[in-house]
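Below you'll find only one chain, the form predicted alone, shown as structure tokens.
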């Protein structure tokens, strides 16, 4: 929720500093349900979130007729779905480009010729061995996604992250179909539809599979029958970085060595820019963030 509130400032600052529009829209979002059982479970899940949130938290459970008022293309067999006014979307590729450009403009340096092969500590400083030579720093941040497990081991810290594969389908360009974020089918600014996805624990395998892509296509046609005439241009898979409870970890795993790992870095980008970078600059993670360290997995 903090990230939702900070995102407009992040988008405006990146546009001002880099000239890159990250395509932020925050018009709410839908999560569609195929069956009465999944609809009821969604309502229970959001009620739990609301009961635990320290403030106002609003959502609506909508039937087919109510969804149709917002999204006329919805299929007649869709049971319903949840609507949240907080949801939105942005272009993650533009976001990555803008953050890199802003970093370089602030005289940051990027060494992208190889990973870190060893981490040593000497005289209160970290000495990192890389393919581009040594890097010496008083503070370091482990923010290498799945690579954090390997980096953590160099510091004697076990980092509990695992890969979870997700597959999606990408269609040809289409005229605008809806102007809000939808979990199962999202339309990009250039008109393509990104349909999916999946949660698969298959190790580091990034291949696409017929059974999953078929299931994704069947779901899409259930939710939006008009997609039957739309061509799928490609399918692809990628790996999420997931902790045991799927929530972020923020922790100083060794003096001056900070662990930052999460899913999703896009959703939380505004918090990381506004708050997390400040914690690291100051050399301490606030006590209020202690719930996000690794000790929660030992309870």
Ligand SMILES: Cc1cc2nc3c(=O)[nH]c(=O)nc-3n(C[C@H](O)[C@H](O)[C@H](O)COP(=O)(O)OP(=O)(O)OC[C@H]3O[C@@H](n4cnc5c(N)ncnc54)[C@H](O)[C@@H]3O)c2cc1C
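Here the structure is a predicted model, which means the values were calculated and not measured. Numbering follows the first chain given and starts at 1.
Keep in mind the form predicted in complex with the named molecule is missing from the figure; the text below concerns it.
Colleague: When the named molecule is placed as it is in the predicted bound form, which of 71 to 79, 114 to 122, 169 to 177, 132 to 140 ends up with heavy atoms within 4.5 Å of it?
Modeller: Only one stretch qualifies here: 114 to 122.
Colleague: So in the predicted bound form, does any heavy atom of residue 151 sit within 4.5 Å of the named molecule?
Modeller: So residue 151 counts as contacting the named molecule.
Colleague: Do residue 265 and the named molecule share at least one heavy atom pair within 4.5 Å in the predicted bound form?
Modeller: Within the cut-off, so yes.
Colleague: So in the predicted bound form, is the named molecule close enough to residue 246 to count as touching (4.5 Å, heavy atoms)?
Modeller: Output for residue 246 is no: heavy atoms all beyond 4.5 Å of the named molecule.
Colleague: Is residue 42 a contact residue for the named molecule in the predicted bound form, using a 4.5 Å heavy atom cut-off?
Modeller: Residue 42: no contact with the named molecule in the predicted bound form.
Colleague: Only one of 99, 217, 157, 144 has a non-hydrogen atom within 4.5 angstroms of the named molecule in the predicted bound form; which is it?
Modeller: The residue from 99, 217, 157, 144 that makes the contact is 144.
Colleague: Which one of 239, 257, 61, 46 is close to the named molecule in the predicted bound form, taking close to mean a heavy atom within 4.5 Å?
Modeller: Filtering the options by heavy-atom distance leaves 239.
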